[in-house]
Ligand code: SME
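Single chain ahead, by itself, as structure tokens, in the form predicted alone.
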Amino acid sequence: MSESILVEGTTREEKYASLLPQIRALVEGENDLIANLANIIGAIKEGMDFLWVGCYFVKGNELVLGPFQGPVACTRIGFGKGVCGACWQRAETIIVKNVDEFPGHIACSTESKSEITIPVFKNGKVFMVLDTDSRSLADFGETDRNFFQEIALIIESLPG
């Protein structure tokens, strides 16, 4: 769960708290969105050891894979399809405790057991979905939602 001990004496919340200033420092002064996303995603993957961390960009009527860390991923996802497409359609964060129980879940990796998706906005519209998968069931909760929504705000403030 989101408050579980990850490393001797370090909670997930404490790990996230240490990641935020690192992520802010990584993007400071850099104007390239892809470079910034690659570093943000790399920092999250390295710092939290999730199965998969990445993003999908809204392009026309589908989501197209952007920078990611982890196993190979689905390249394109339709509007409203799977967890990422539902996040885009609803324009809200979605936490899935068991991906096998999510109607229409797209299984890019059989290792994925739970998932969190966060919409990222530009000009009042979803322009990207930030997606994170875990090898554990029910691995995401409010602590994760708060952290990833903070990351979405950082991304929204970036140029590009």
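For every residue, the number given is its place in the sequence shown, counted from 1. Being a predicted model, the structure only gives us computed values, none of them experimental.
Same protein, other form: the form predicted together with the named molecule, not shown, and the subject of what follows.
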query: If you check in the predicted bound form, is Ala35 within 4.5 Å of the named molecule, heavy atoms only?
result: no
task: Classify Phe50 as contacting or not contacting the named molecule in the predicted bound form by the rule of any non-hydrogen atom within 4.5 angstroms, answering yes or no.
output: no
- prompt: Even though the named molecule is not shown here, does Cys108 get within 4.5 Å of it in the predicted bound form, heavy atoms only?
  reply: yes
query: With the partner left out here, if you bring back the named molecule in the predicted bound form, are Val58, Val64 and Pro67 all within 4.5 Å of it by some heavy atom?
result: no
- request: Enumerate the residues of 126-148 that have a non-hydrogen atom within 4.5 Å of the named molecule in the predicted bound form, in sequence order, or give none.
  value: Asp131, Asp133
